[in-house]
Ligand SMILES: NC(=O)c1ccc[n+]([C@@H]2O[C@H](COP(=O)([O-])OP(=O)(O)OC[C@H]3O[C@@H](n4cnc5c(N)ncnc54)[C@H](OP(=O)(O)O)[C@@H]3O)[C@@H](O)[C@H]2O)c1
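We begin with a single chain expressed as structure tokens, specifically the form predicted on its own.
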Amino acid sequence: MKITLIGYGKMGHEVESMALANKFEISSIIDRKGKNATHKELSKEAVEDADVIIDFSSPDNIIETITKVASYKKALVVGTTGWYDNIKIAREIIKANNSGMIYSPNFSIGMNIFFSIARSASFIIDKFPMYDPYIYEIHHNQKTDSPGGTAKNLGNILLSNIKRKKKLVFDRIDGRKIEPDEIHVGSIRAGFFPGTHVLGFDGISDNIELRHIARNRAGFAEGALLAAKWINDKKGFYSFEEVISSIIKG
């Protein structure tokens, strides 16, 4: 299977290493500044040999990237975050071009299992109002969004299942108390953390915490390649959670 990489930063290098170790072929690398990139710009010629394109670049041009790749009739895996206000537009582009795409705020297989666990846990907690949910995350000091897409996704999972909660709060609580229908999502940026996410439910008598810790970036690369294999020769717009769910259900 042949892969084109868009973005040749830390994640691009990680995907390349894992791809080569697992008998994938890297047909091209697209990056404006990458020393060993084969192309500086996305074009039909740059991706013509690829079966699937994996993007871990920047959110700035992601809709343009999706538009081009879809018009080339290539499948796309998007690991870039920070563009989710445009998901509806992306879905329409993929549908209009009868193409295939998978996106995720986090391609770690373990984290997507964690999402499934969070969904089950929040469904249970909905029945027990004495427990108050919360989320916090820790990432390295080079991460540019706060909170990250993964923490927001966890928050949305809670909102979808815990009926007494209506709103996520990402900012500091200053001069007021948290409202009963709010869930506070906290962020810490320090050092070299690849990513830690904690989902908790606190009551007067006890505390329940679920935690996912990424030890390195290999898990994200592994998930992106699993997604690439899954979307190859498929049409439609999918989240990686849907891919994991389909595997769980068999």
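Here the rigid core means the biggest group of C-alpha atoms that line up within 1.5 Å when the two forms are laid on top of each other. Residue positions are given as counts along the sequence shown, with the first one as 1. Given the structure is predicted, the values throughout are model-derived calculations rather than measurements.
Here the subject shifts to the form predicted in complex with the ligand, a form of this protein not shown in this document.
The candidate spot formed by 67, 91 and 236 lies out of contact with the ligand in the predicted complex, as no residue has a heavy atom within 4.5 Å of it. Within 4.5 Å of any heavy atom of the ligand in the predicted complex lies no heavy atom of residue 201. With a 4.5 Å cutoff on heavy atoms, residue 217 counts as touching the ligand in the predicted complex. For the chain shown alone, residue 33 is a contact residue for the ligand in the predicted complex, at least one non-hydrogen atom being within 4.5 angstroms. When the ligand is considered in the predicted complex, residue 11 lines it closely, a heavy atom lying within 4.5 Å. A heavy atom within 4.5 Å of the ligand in the predicted complex is found for one listed residue only; from 155, 105, 100, 133, this is 105. Listed stretches are 159-167, 115-123, 72-80, 141-149; the contact stretch with the ligand in the predicted complex is 72-80, by a heavy atom cutoff of 4.5 Å. For the partner-free chain shown, 56, 57, 58 of 39-58 come within 4.5 angstroms of the ligand in the predicted complex, judged by any non-hydrogen atom. Positional change of residue 88 between the shown form and the other one stays under 2 Å at the C-alpha, relative to the superposed core.
With the core held fixed, the Cα of residue 59 is displaced between the shown form and the other one by less than 2 Å.
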